[in-house]
Each structure stands twice: as C-alpha cells, then as structure tokens.
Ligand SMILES: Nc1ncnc2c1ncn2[C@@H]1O[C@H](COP(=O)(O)OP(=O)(O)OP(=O)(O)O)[C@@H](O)[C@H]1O
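Shown next as structure tokens: one chain only, the form predicted on its own.
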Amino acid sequence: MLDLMHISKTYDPGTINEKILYHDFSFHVDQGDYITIVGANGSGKTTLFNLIGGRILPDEGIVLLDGKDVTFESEHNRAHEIGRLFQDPSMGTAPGLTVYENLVLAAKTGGWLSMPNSNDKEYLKQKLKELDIGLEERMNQRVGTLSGGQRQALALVMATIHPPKLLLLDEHTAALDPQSAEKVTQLTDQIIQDNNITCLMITHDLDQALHTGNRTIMLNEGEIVYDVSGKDREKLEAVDLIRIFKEKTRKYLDDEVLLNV
C-alpha cells in the first residue's frame, strides 16, 4: 500500500548544522494497517510524515502509494489521497471561514464537490451530526471561535470527508484537554474503522501506542529500531516500551562509541 524505498534526507548539508536524519531508509505499510509511531524528539517522526505527505522531498529514494510513484508530487496533489491531522488544531482548518465553508473547501480538495447545493449542505451537516458534539448547529459560525476540541473534530471530518487512502495523525490529540482528547480519539477510531482507512499515528502516549491499531514502530535517529505486532505486541505494557527504548538507544550509543575508538 505504502512503500518508502531507500530514502535519504539530510538537513543543512555542507554546513556545521548538517543533520543526516534518514539514510537508505525503507518502510512498508500494508492496506488496512493502523500503525502507531513512538520515539524521542528529533527521532524523525514528523519528517517521516512530511516525506510521505509531500511537504518535503527526499534527497534520494522513492515513495510509492498503491504502487504509484508519488515521490515528486506536490503536497497539494497528494492531499487527494493522503489526509493529515496536526497537533495544533488551527493547522487543519481556516479560522476566518465558517464551519460550512471549511467543509466545502475540504470537499473540493477531495474532488467530489463542484458547486455546493442544498443536498450537499445537508450531507455535510449530517457528517457533522455524526460527531455528536453539536457542530451541525454551528454551520455558519467562524471556526476561529470554536474550542480546540471542536476544531480538531472538524479537522478530522475535513481530512476524511473523502476517505483518503492513507491518514497521517501527527499527535493530533496532544494539545487537547483530556475530555476532548478522548472524544476525538473515539471519533478517529470510528471513522478509520467505518471507512477501512490505512493510518499512521505519532503519539507520545505509550499506552495509546500499544492499544491503538495493529502495529507499533519505534524510531531513533531516522531508523526503525523496534517493530512489533500481533501477540508479541499484545503482551507489552508501557513500561516495556520504555525499557526497550533504553536498550535500543543504548545499543546505538555503544555502536557509536565503538566506531570512534
């Protein structure tokens, strides 16, 4: 479904700030996978999403989506098939537009809505009603006046109104209060399940990482240092991930020390 093949990415090449984040990196995602991604800050999680979504281009390697080479397609073009939610609720919506206008914008990006009519408006209203948070009664309200949880729920509908082949969740509940985060998480899981959407989710919540989806990967300095699924994953708890992270990062440190001897 998704293949990153021999990807390399270096920031600020040739300067004192040069950072080789990915080198000959490959990653495969099956159709229907729901993969949670954990790792320390700077491990390459958001860069991975930027490479998949087209926000940045790799220095080397290719990105395949359903066998199609999208390596050099723009982020805008990939948005027809790849949805994304960010940690900041404001990044997925246009605050100066109304709820309805945001939905129309998302529908047009999906490619199925040309000139909205009364039937279209009723359909969009129904999509909001399914959230069960009252947004269907605020169609004409400017998005900038909504709460963070409401905006993130709206962004979720916008990203999936035309079900994408792939959904990228970049810590999409981290900035919300616990009650809103729980509601948005429930809505996310329901939409993914109902539409059989393949999904990648970055999270720092280790319990969430192990109890959401079907597979968990751990990134460290642009490499997958741990990849677990099935019964092996079911046996793990958050403390196990912490222990594994310490073991894996210590191994990389030891390797680096050995190489410098």
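Sequential numbering from 1, following the sequence displayed. Treat the numbers as computed from the prediction; the structure is a model and nothing was measured.
Omitted from view is the form predicted in complex with the named molecule, to which the following refers.
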Examine Glu171 and determine whether its closest non-hydrogen atom to the named molecule in the predicted complex is within 4.5 angstroms. yes
Non-hydrogen atom contact Thr47 with the named molecule in the predicted complex at 4.5 angstroms: yes
Should Ser43 be counted as a contact of the named molecule in the predicted complex, where contact means heavy atoms within 4.5 Å? yes
Taking heavy atoms and a 4.5 Å cut-off, does His204 contact the named molecule in the predicted complex? yes
Name the stretch: of 190-198, 35-43, 66-74, 208-216, exactly one has residues whose heavy atoms fall within 4.5 Å of the named molecule in the predicted complex. 35-43
Taking the named molecule in the predicted complex, which residues along 1-27 bring a heavy atom to within 4.5 Å of it? Tyr11, Asp12, Lys19, Leu21
